[in-house]
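Taking the form predicted on its own, here's one chain by itself in structure tokens.
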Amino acid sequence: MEKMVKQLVEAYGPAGEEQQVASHIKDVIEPLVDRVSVDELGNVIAIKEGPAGAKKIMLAAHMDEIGVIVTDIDDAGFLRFANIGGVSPFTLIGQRVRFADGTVGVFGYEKLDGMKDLKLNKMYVDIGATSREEAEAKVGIGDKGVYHREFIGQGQRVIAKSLDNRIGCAVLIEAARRLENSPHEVYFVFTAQEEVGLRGARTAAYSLDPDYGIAVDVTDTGDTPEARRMAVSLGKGAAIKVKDSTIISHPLIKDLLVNTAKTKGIPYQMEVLERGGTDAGPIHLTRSGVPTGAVSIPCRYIHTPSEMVDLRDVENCIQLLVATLEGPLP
């Protein structure tokens, strides 16, 4: 599992440029399913076919990661940028950014009266260039960059950039590997452009027209010193979503997940996310509506270069999905 997660998180894949991640996922999952395709928006759709008349269940985990996009290059060779997704300037200071061709830069900031004045428009990327011409030979306007950080395994916990949501992709791949018999037709969908508006899940769900949906993504925790109160912790099991900003989980799916966890003895916790959303949001609003819920992996330091998850939670999420897909729907 660690090897697969390392390969996924260290791949380059900001929203809108998920091709490297998609290619890797397609190669890994192709032997595990009946069919794989890539749609017009870049979603990877892997299908385990079911018996005639089987209900269609769509599982979704997004491939893309947050990042930055170059908006200007000055005469001295410094890059100005805008965000792709939820990027905080306070997480960027002194961090490294990597562009598609491997060029690496450092985030810096202008002189400020106080750190409270730090905004993205007061920051720049230094790639070591000494002129506009030298910078433009490496990076152009519109080029995208992602955090440049290596994967670290520390016992049961791992630290890396883009665990949001490559760890969800790893859960889907491993669930496909373990799912041997299901009375349903299962769609493992690895979505594009989630971080900029849940876009890939919207088009994929419209095309597939599933009967039920389950999103797999990370969620915040409330287990660090003086953290915002939230009843989710690392190491205490899969988080079954009750609500977030984009969805109130359908009782049928929520109860199915809870009852499956209880029956199988799988550790779980209930998730109420006050801010933020997942691919579950657009799936449940597709066409005339799709009963949808979500299974979440607890994660600390989301949208930073050093996100952290517990592999025991990851394992519990895999077991919960497989057990749910192997059983009947209520």
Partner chain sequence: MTGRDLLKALSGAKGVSGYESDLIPLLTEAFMPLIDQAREDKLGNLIMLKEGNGPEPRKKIMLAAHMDEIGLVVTGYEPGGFLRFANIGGIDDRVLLAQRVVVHGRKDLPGVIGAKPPHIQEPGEQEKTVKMEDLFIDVGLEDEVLEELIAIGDMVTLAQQPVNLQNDRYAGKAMDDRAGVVVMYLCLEVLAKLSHSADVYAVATVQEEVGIRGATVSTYDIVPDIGIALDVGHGDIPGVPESDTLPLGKGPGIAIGPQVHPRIYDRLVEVAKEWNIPYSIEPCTTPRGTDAFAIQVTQAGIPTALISLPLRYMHTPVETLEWKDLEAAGRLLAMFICAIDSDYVEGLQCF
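Numbering follows the first chain given and starts at 1. The shown structure was predicted, so the numbers you read here are calculated from the model rather than taken from an experiment.
Only in words, not in the display: the form predicted together with its partner chain, which the text now covers.
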{"query": "Check all three, Ile248, Met270 and His284, heavy atom within 4.5 Å of its partner chain in the predicted bound form", "finding": "yes"}
{"query": "Proximity of Arg80 to its partner chain in the predicted bound form, heavy atoms at 4.5 Å", "finding": "no"}
{"query": "Arg98 within 4.5 Å of its partner chain in the predicted bound form, heavy atoms", "finding": "no"}
{"query": "Partner contact for Ala129 in the predicted bound form: its partner chain, 4.5 angstroms, heavy atom", "finding": "no"}
{"query": "Its partner chain contact at Lys254 in the predicted bound form, heavy atom, 4.5 Å", "finding": "yes"}
{"query": "Interface stretch in the predicted bound form with its partner chain - options 299 to 307, 28 to 36, 56 to 64, 272 to 280, non-hydrogen atom within 4.5 Å", "finding": "272 to 280"}
{"query": "Residue among Val106, Val242, Leu118, Leu234 with a heavy atom within 4.5 Å of its partner chain in the predicted bound form", "finding": "Val242"}
{"query": "Answer option from Val44, Val290, Ala261, Val68, heavy atom within 4.5 Å of its partner chain in the predicted bound form", "finding": "Val290"}
{"query": "In the predicted bound form: members of 200 to 223 within 4.5 Å of its partner chain, any heavy atom", "finding": "Tyr206"}
